[in-house]
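In structure tokens, the next block holds one chain alone, the form predicted on its own.
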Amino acid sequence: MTTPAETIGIGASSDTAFVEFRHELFAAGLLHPTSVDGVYGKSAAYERIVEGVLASVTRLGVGRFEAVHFPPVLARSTFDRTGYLSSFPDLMGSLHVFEGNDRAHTELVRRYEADGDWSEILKPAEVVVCSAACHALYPLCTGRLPEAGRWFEIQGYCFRHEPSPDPTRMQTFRMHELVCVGDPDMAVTHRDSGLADGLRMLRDLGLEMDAVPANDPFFGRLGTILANTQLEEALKIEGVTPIYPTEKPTAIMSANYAQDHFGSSFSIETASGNVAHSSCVAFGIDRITLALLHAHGLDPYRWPPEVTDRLWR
């Protein structure tokens, strides 16, 4: 199985590089530490870069995509239909809430004050933490699509349980995705053209970019088969850039062809009545922000004008 660490080449030497980069971000006041690896506060300067990157992605889809913003939680009923639990159980986050009576509350407080396991008294909520920004849109497409399919621009926070000293591997992070739901030709064309447009945009921001076939970190023995299939059929292509010179480049965008996975799971049909296919061009907003800080320096107000003009036009 390909682990999350292996996808970016984590090794003994990289630990130092991660820690050094994170320390520099802390010292510059761009990120602020918490007690958990991968969870950070962000400065106004950092957020200004984020806003510029978000605007850059939006410009790629202006006039073609329906913009939808979803919250960082997803209906559990939708999550159950995505298949995420089967493929990535180690990355998901489930929310739990208290629904007990006074007696249960008394026991909850008793355990809390005694440093006991009070979580046993909680029950799963009707929502989970969002793992992929696009998951919430597929119920909107259930039924028959129009002739031209449907095209979405999605923004949202995502969660992956991957605590790490690497600042590019946050547990909670922002994704900006351009999604096509339609017939197979539409989906593949969108995946390929969206990848080309995204790479061009990132290169215009001064990043050294390359496109490589990739696979998701599927879990378990079956996951090895799924990952190999994904590579063999080139279903996932990542846009990567060097951040840690001695390690493999880091993925900051991806172009993914999901075939009929979501069409089948959410009963989505093309205008001709066939099971719909989908593709997603996804931009890791926080990773792009960190890549820009690495490439151009930790003071964005001193970046080259050809970069700042594109970000904050």
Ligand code: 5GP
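Each residue number is its position in the shown sequence, starting from 1. Just so it is clear, the structure is predicted and the values come from calculations on it, not from any experiment.
As for the form predicted in complex with the named molecule, it is not shown, yet the points below apply to it.
Per the 4.5 Å heavy atom criterion, the named molecule in the model of the complex is contacted by stretch 170-178, the sole one of 170-178, 94-102, 187-195, 70-78.
At the 4.5 Å threshold, heavy atoms of S254 reach the named molecule in the model of the complex. The shortest heavy atom separation between G284 and the named molecule in the model of the complex is within 4.5 Å. Among heavy atoms of E153, none comes within 4.5 Å of the named molecule in the model of the complex. In the model of the complex, the named molecule stays beyond 4.5 Å of every heavy atom belonging to E107.
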